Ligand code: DGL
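The chain that follows stands alone, in the form predicted alone, written as C-alpha cells.
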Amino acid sequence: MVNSIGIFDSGVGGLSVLREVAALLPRESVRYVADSAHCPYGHRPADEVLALSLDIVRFLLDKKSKLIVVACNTATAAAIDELRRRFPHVPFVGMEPAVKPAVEQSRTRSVGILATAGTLQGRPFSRTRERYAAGVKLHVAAGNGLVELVEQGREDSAEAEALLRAYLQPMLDDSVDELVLGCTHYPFLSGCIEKVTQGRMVIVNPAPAVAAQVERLLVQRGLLADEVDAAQASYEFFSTGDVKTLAQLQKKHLPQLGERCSFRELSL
C-alpha cells in the first residue's frame, strides 16, 4: 500500500470523519484503526488515553502514514499536544467541538454541546470555550451510553432515542438552536437527534472542516497522492476488538467505499 492518511478512534466513530475525507480526497489511501478493545475512551484517565494513542500512532507511522487524523475528541484532548511534540515531522489533525460556527450561527444565543466527559474536561474544549463562547449561553451534556450504542449498531434504537431525549430536552426547553456534536460517534445519531428535536436545532458536525484541514495540510506539504498512488488507492481497516463488527459498520455507514476495503485484527 502506498503512503496513506492514518485515522484512528476509540472505535467506529472516526468513520464519520473518514466518510468526509474519502469524499473530498478520493485519490488517497487510508489506514483506519479502531481501538475497540478499549472503547469508549470518554471515561478513561487522560494518561491512559495518551498511552493508547502513542501506541496507535507508532503503528500508523510504521505503516507509512504521511498524515494522522486523531478522529476522537477525547484522544485529541488527552494526547494531541504530546503527539505533536514527540513526532514534530508528522502533520496531525485533531478534533474539537465546533463552538465557533455554532456561536456565529445561533439566533437565540443559546448553544448546546453534546460530548464525552473526557472531551468536556480537556484543554482544547476549554480553550475553544474561552475564545468563542463569550456572550452566549452554553448548555453542556456528557452523552454517557451513546458511544456504546453506536458501536453496537443501535444508533436508531428506542434506547438511543430515550438517552438523547434526556440529554436534549433541557436544551430545547432553554431555546438552544445549535447543537455541536463533540464526539465522532454522534453524527451517526443524527437521524435520532432530528426525531427528538423536530427540526428545532441545527446539528453542527465538525467532520467536514476536519477533512478540509487534511486537504490543506497535504497541499501545503506537497503530499497529495499522484496518479500512480491514486491508481492503487485503498482502505485498510484495523481493529483491536472484533474486526467483524468494524466490517459490518463500515458497510453500513460507508458502503460507497466498495471493494477497496480490507480488514485485519490488531494487537498493540
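Nothing here was measured: the structure is a model prediction, and the numbers come from that model. One rule holds for the numbers: they count along the sequence shown, beginning at 1.
Keep in mind that the form predicted in complex with D-glutamic acid (DGL) is missing from the display, and what follows is about it.
(Q) Can you pick out, from 68, 204, 39, 52, the residue that has a heavy atom within 4.5 Å of D-glutamic acid (DGL) in the model of the complex? (A) The option sitting close enough to the partner is 39.
- Query: Within 4.5 Å of D-glutamic acid (DGL) in the model of the complex, heavy atoms considered, which of 147, 193, 176, 99?
  - Reply: Checked against the cut-off, the match is 147.
Have a look at 82-90, 68-76, 133-141, 166-174 and name the one stretch with heavy atoms inside 4.5 Å of D-glutamic acid (DGL) in the model of the complex.
Going by heavy atoms within 4.5 Å, the stretch is 68-76.
Close approach of residue 113 to D-glutamic acid (DGL) in the model of the complex, 4.5 Å, heavy atom: Although D-glutamic acid (DGL) is absent here, residue 113 would stay clear of it in the model of the complex, with no heavy atoms inside 4.5 Å.
### Query
Can any non-hydrogen atom of residue 183 be found within 4.5 angstroms of D-glutamic acid (DGL) in the model of the complex?
Yes, residue 183 lies within 4.5 Å of D-glutamic acid (DGL) in the model of the complex.
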